[in-house]
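The chain below stands alone and is given as structure tokens, in the form predicted on its own.
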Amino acid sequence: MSAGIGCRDLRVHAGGRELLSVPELHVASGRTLAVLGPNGAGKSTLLRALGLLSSHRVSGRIVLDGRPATRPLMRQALAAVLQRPILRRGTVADNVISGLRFRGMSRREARTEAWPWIEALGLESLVGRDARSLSIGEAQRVSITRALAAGPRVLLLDEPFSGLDSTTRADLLADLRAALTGQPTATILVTHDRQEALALAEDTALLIDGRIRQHGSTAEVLDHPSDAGTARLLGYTNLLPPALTGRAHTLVARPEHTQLVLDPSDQTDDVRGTLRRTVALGSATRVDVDTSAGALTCLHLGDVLATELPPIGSDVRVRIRHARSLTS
């Protein structure tokens, strides 16, 4: 393996049960890998195992920059940002430079070294604040700045945007993306949000039930699910088998690309079914349709008046505007 972090034949066991099995994985220096999966898939288990932080029984080989990883080596190379920020007593500046101080720098040297990162993450106005007075979003900015200021060869991000409001999350995503660009850091982001993967990661691995089911460039993985399980994880919740569409392979589609045909004069051949329910969601209307091959969910963006929709139980047609084909 080249520079970066990776593993071979990685297995994690607890209580007689195998939690994780990864034959091989590598994140090169300067690249970000998103590990995307549902709750309980083993994402954090993988992160802790790669960082030699796991309390479970771990077997296999962890490799750092082409060499077997050891705890002393990893302590020097690794920085981690957790879902809940953990800050020390003192000011924001004290927290940001704490990693550098731990590695032997004087306070003055550490502050000089950390200042570009303080500016990059927009913390200049907060450096003198008591860290305990920060909002969750501000505290997470401090955690990320502290991690980056330490100059890690490996950065582990365990759902760092969880619990943030949409505006704070979007701003922090943009700032972190800019901060990581051009850095020689191998970054692993654990998330259940595909938009976070798209914003930050060049590569994405889909983890389901402790197994990597798909791995490749983020654009390819997010747009081309390999099977029904990965399709559902990526929001392609509508599965249309050949019996329903007449196609050679099963098609998958997201709800926003699946709509009820409301114009009776439109006679295009579509999927047929029975209207089960409609739910107004404010900015959109969800429409559930039962077909011979299972339920479909349609999402009509914008306001759809109740008078435009046929009665519950009506025979309806559903149009799939954008679908992907599964080959497995």
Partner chain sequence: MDVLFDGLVDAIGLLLSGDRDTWSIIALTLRVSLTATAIAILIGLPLGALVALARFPGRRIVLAAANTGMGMPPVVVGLFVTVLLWRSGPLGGLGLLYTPTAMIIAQSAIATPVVVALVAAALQQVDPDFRVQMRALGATPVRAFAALLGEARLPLLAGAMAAFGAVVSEVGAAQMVGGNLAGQTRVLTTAAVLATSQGQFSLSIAFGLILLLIAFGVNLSLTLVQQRRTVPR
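Positions refer to the first chain, counted from 1. What you see is a predicted model, and the numbers here were worked out from it, not measured in a lab.
As for the form predicted in complex with the partner chain, it is not shown, yet the points below apply to it.
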As a check of understanding, the residue in Ser133, Ser125, Ser106, Ser217 with any heavy atom within 4.5 Å of the partner chain in the predicted complex should be identified as Ser133
The partner chain in the predicted complex has a heavy atom of only one listed residue within 4.5 Å, and of Arg129, Arg194, Arg177, Arg213 that residue is Arg129
Check your understanding: Quick one: is Ile86 in contact with the partner chain in the predicted complex, heavy atoms, 4.5 Å cut-off?
Key -> yes
| said: How about Ala280 - does it come within 4.5 Å of the partner chain in the predicted complex, if we only consider non-hydrogen atoms? | reply: no
Exercise. Would Pro255 sit within 4.5 Å of the partner chain in the predicted complex, counting heavy atoms only?
Worked result: no
Would you classify Val221 as touching the partner chain in the predicted complex, given a 4.5 Å non-hydrogen atom cut-off? no
Only one of 169-177, 143-151, 195-203, 246-254 has residues with a heavy atom within 4.5 Å of the partner chain in the predicted complex, and that stretch is 143-151
When the partner chain is considered in the predicted complex, the residues of 82-105 having a heavy atom within 4.5 Å of it are Leu82, Arg84, Ile86, Leu87, Arg88, Arg89, Gly90, Thr91, Ser98, Gly99, Arg101, Phe102, Arg103
